[in-house]
Each structure stands twice: as C-alpha cells, then as structure tokens.
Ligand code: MEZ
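To begin, one chain is listed below as structure tokens, in the form predicted on its own.
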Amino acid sequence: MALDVSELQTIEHDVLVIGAGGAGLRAAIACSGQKLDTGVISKSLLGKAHTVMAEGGMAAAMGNVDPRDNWKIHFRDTMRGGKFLNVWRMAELHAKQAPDRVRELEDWGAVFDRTKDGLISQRNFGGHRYPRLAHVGDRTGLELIRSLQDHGIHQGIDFHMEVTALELLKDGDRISGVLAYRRETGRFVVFRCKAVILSTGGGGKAWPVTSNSWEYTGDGIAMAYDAGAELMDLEFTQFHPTGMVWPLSVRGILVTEGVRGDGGILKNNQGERFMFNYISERFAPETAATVEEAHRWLEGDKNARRPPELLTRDEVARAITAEVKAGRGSPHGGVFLDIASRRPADFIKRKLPSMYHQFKELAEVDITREPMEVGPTLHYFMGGIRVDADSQQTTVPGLFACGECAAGLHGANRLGGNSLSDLIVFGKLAGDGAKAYIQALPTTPRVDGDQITSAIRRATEILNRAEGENPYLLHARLEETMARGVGIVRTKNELETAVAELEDLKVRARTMKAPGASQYNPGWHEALAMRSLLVTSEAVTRAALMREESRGAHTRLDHPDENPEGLTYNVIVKKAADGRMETEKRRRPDGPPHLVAIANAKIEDLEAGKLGTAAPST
C-alpha cells in the first residue's frame, strides 16, 4: 500500500535548528531575534547537551586577570595550537568576537566567578598564554546552557524535544525541510523550512573510550554528507588527555583541564612529574623548562612560563600514552593527576566542586587527599562540515552548520576553552547567515513527497526484516575497529585494515533488523544511529589515511614528523555521484598577510602593539 505523505504531521518554520547545545541555542536566539519563525529539535531532552561537559571555561581575551591579553594573542595561540591549519578568518572572528559574546551571556543572567575587583574571573588552560577562560567553578558549560535556555524560551522559539532528524529534504539544490521521527512514539514528522542549521556535535560514540554520551553519533555530519555538503579535516580527532579510567563503568568520563589549570600535576607510578620530559622544541620558549619556574607560576608569578601540564591536548595525550606503554602507568592503565599536594582542600572544593563530587561518588576517591587516575578519552572532532567563515553556510544552499559539527576554527588541534566560545560566536553568525539567505530567496523551496516516502522506507525496512544483523553487535565491532586502527596513533597498515573492516560493516549494516514496532524500540534507534556512525567513521579513517604526516591531533607512526606540504591543503570528503566516498587534497588559500604576521609575532611585540612579519613555520 502506498504511503500517504499528506497524513504525516507537518510543521512549518522559517528556519529549523537541529541540536540544542550551546551552538544551536545561540543560533536559534539569533534567528528569532531577527523575526524568523524558529524551531529547534533535540535528540534528547532540553538541557541534555554536551555543552554541559565543557567544564573548565570559555576562552575570551577579556584581560580581566592579566591585562596583557588581547584578541591578537588569543588568535596567535589558536593558530599555533591548531598547527596553522585553522581557517584564518574563522580564527580571527572567534578571537575578536568572543569577549562580546561572553559579556552578552552575563547580560542574559550568566553568573560567573569573580575577581577581587568584581570582574569575570578567568583561569589558565592548556595552550593559552594568559588566564583567559571565563568560568563558573568547573560547571561553566552547565551555566552556559542554563543562560541560553532561560533567555531563549522567552524569544518565541518552538522546541521539539526527543525528536531525531533522519534526512535533509531538498528542492533541487536548495534545502526545503527535514524528515524526523519522535523517539517516544516512532511517528514521523515533516518539518518544512527555508533553511536548516546543523549543531549536532561530533561522532565520539564510534570509539569505546569516549567522554561523549549516546547522542554523539555523527548525525549532522552524515546528513550533510548525504545532502551533498563537503566535509573537512576529519582526520583530526582530539583525545582529551584526562578522562576517568576506573572503575570501568565510568571509563572515559571527562576530568576537566581546569584541574591542571588550577595547579594539578601529572605523575607516573614512580612519582615522577613526567611532563618535563615531553616539552616540544616548538613550544619550549613559551613553556616552563624547570620545576622551579613552574612553581613560581603556581604561586602567581605572571612572568613565569606556564607548566608543561598545560601544553596542548595532543602533546599531553601522547605523553600519557607513552608513559603507560613504557610500564610507568597507574594500576588501571592511566597516570596520576595530583592536585591534593598542590592546593588546600577548601580551594579544591570551591574551584572544582564537580570534580570533587564526581570522584567521590563514582570512584570513591577524595581528590583533596589523593591523586586521580586519568587517561586519554576520545573527546572532540576538530573537523566536520565545511562552512563559509562569515555566514557558516555549507556548500549546500540553505544548509548551515556551527559548533563541533562544523570545521575550520580549530585546525589540527583545539585549545581547551575554545569550544564554548566557538559555540556562542559561530552560533550567532550561523543565525545571521540564515537570515541573510532567507531574505534573498526568490521563492519558497518546495518539499518533494517522493523524497519523504523513500526516506521513510529506508528507516522502516529495519523493522520489517525477519532476519538480519544485530545493530548492537555491529556497534561493538565498529568500536573495536576504530580503537584498533584509528586511535591516538595510526599507521597506513592499520588504517587500510580499518577501511576494509568498515566496508564489511557497511555491507552487514544493510541488513540490520530491530524486531517490534517503532514505539519504544531502542534497537531501532541504535540501527538508525549506526548509519550515521558508519558514514562518520569512514570519513575519519579515509581522511587519516590521506594525510601522510603527523600534525596536531593526527599522529602517524609511519610519518612521525610534520611535512611542510601538510600546511598547503585540507583533506576534503564528499559523496560521489555513484555513492562512493571521495577524498581529495584541496589547496588551502594563503593566509592574509596581516593575520600571518600576528600568528608568527613574538608575544612581547603583540603586548606592545607591534606585529611580526615572518611567515608561519611548519
């Protein structure tokens, strides 16, 4: 019997935002504030977003704690942390606009920690030259979400919770809507709209040890890819150096970088503060070379260089991995993070309340008395959907992306704290971009009923099979493949093996089954998520195979050094006409001379208002 599309629930908006984290909420506020009929769909409940997991703070060069800080130094830190593979314009916009976005949050009711002078307090974080992270204890992401939600619900935004987007609908090349379904009832919903903003995060659930929860299955990346958008930089997957490692039930849960920013140090099983052995020559001039200098930094000496625990996340994660492999790890396969010997108990409880309760309740460890066991956990995607820097529009007209699912700002490695300011800066720009696009539309895009029918049949065939693959077992196999072949360190042979295994999983996934009806059917949810996970995982793996060098968060043991050629291209992934996944090296445009000068300048010159002139080195 033919499916009657006219009987499906249909909801109309000018713009539909997919994802209700910090980027999605800020984009929705920007749209609604410009008189657009705005809808937001969230896979989970409102407030259940990964933004909450960003605990340490949001990076913005406000100069509240150290007046020497300014946007140029923030831009420089971001470019150097990203190994100069960042999109120059995005890094510039971020550094310039972050302070205004933070102050805007304060105007909307965000309650930040304060300096003695009553200014928003800022803390140190890895890769940042000065204390730059505006924070609320170690619950900054939670406060960001609370503030945006409280402000957003008064702006006339329609929220559709526990709704999962399945496919983007198009009128020719233009976006015309989204097919989604309600997770509780399994009923399909058609959203008609003129523009879609994706803010769906990354795909960390492809790995077994991750700080990401069940929602992070690469949905936006896969939907954009299927709709014809280009993906970029997906070889750069960040393993946060400090996740919980014990007990197994909480393995991978994030331990905020704020612990190290507030003085915590890393030790191996011999009691050695080992990070001094891993100071890179590239960062040595700006990193503490002696224990004595690091101690002066802890005591508040603003002229002391920062300790090596605050190197970029890729360097710290690799150092921890090396210590564990050398047999100097903790009993459960990590290392020790010690703040108890560095700070008094009342300081720890006041500045790191979430971490104190997290370890007390989940691991029976009192971090005011004993060290934590930590190890790397898959945390963040630097790459994602390729967007225009100013508008955040993808290569598909009417499709925008912001936040973690969008590529460009972070280059080869993200600095801690840049994620939260990324959300609010580019969330707003995406909303502004959608408004400009809609204003210029000559006609309203039309929804094609045949597209909807085909998409529904692809989703429901999983329910109608008598025999087939178990999606949970396929997911477990996927995690094994990604952990073994696409982990912190990679080789050509391991990546080629992973590609072959992913091809096999794709074939097996075509016959996934989920017995029962669509109502309350977690197996069906898992099977639908597997489709996104497989697209995202293949894109990461093929991009990693193409980049034959080690840069930032991408480490190839068979190509251990940075290659000067690596600065000249981005790895682009797109869907070919025949349905295959294509990868290509696309030449990067040269950086604007004034930004190149800032990125390569000496700190002292930027503090004094001078600019360097040399081009960035590799």
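The numbering used is simple: start at 1 and walk along the sequence shown. No experiment lies behind these values; they were computed from the predicted model shown.
One more form of this protein should be noted, the form predicted together with the named molecule, which is absent from this view; the next part is about it.
K.L.:
Report the stretch among 585-593, 56-64, 32-40, 566-574 that approaches the named molecule in the predicted complex to within 4.5 Å, counting heavy atoms only.
P.N.:
Of the options, only 56-64 has residues within 4.5 Å of the partner.
K.L.:
Decide whether L254 counts as a contact residue for the named molecule in the predicted complex under a heavy atom distance cut-off of 4.5 Å.
P.N.:
Although the named molecule is absent here, L254 would touch it in the predicted complex, with heavy atoms inside 4.5 Å.
K.L.:
Quick one: is G261 in contact with the named molecule in the predicted complex, heavy atoms, 4.5 Å cut-off?
P.N.:
G261 lies outside the contact set for the named molecule.
K.L.:
Give a yes/no on whether S537 approaches the named molecule to within 4.5 Å in the predicted complex, heavy atoms considered.
P.N.:
S537 lies outside the contact set for the named molecule.
K.L.:
If you check in the predicted complex, is H525 within 4.5 Å of the named molecule, heavy atoms only?
P.N.:
Answer no; every heavy atom of H525 is more than 4.5 Å from the named molecule in the predicted complex.
K.L.:
Which of R313, R132, H135, H94 has a heavy atom within 4.5 Å of the named molecule in the predicted complex?
P.N.:
Selected option: R313.
K.L.:
Name the single residue among Y216, F239, F381, F125 that comes within 4.5 Å of the named molecule in the predicted complex, judging by heavy atoms.
P.N.:
After the contact test, the surviving option is F125.
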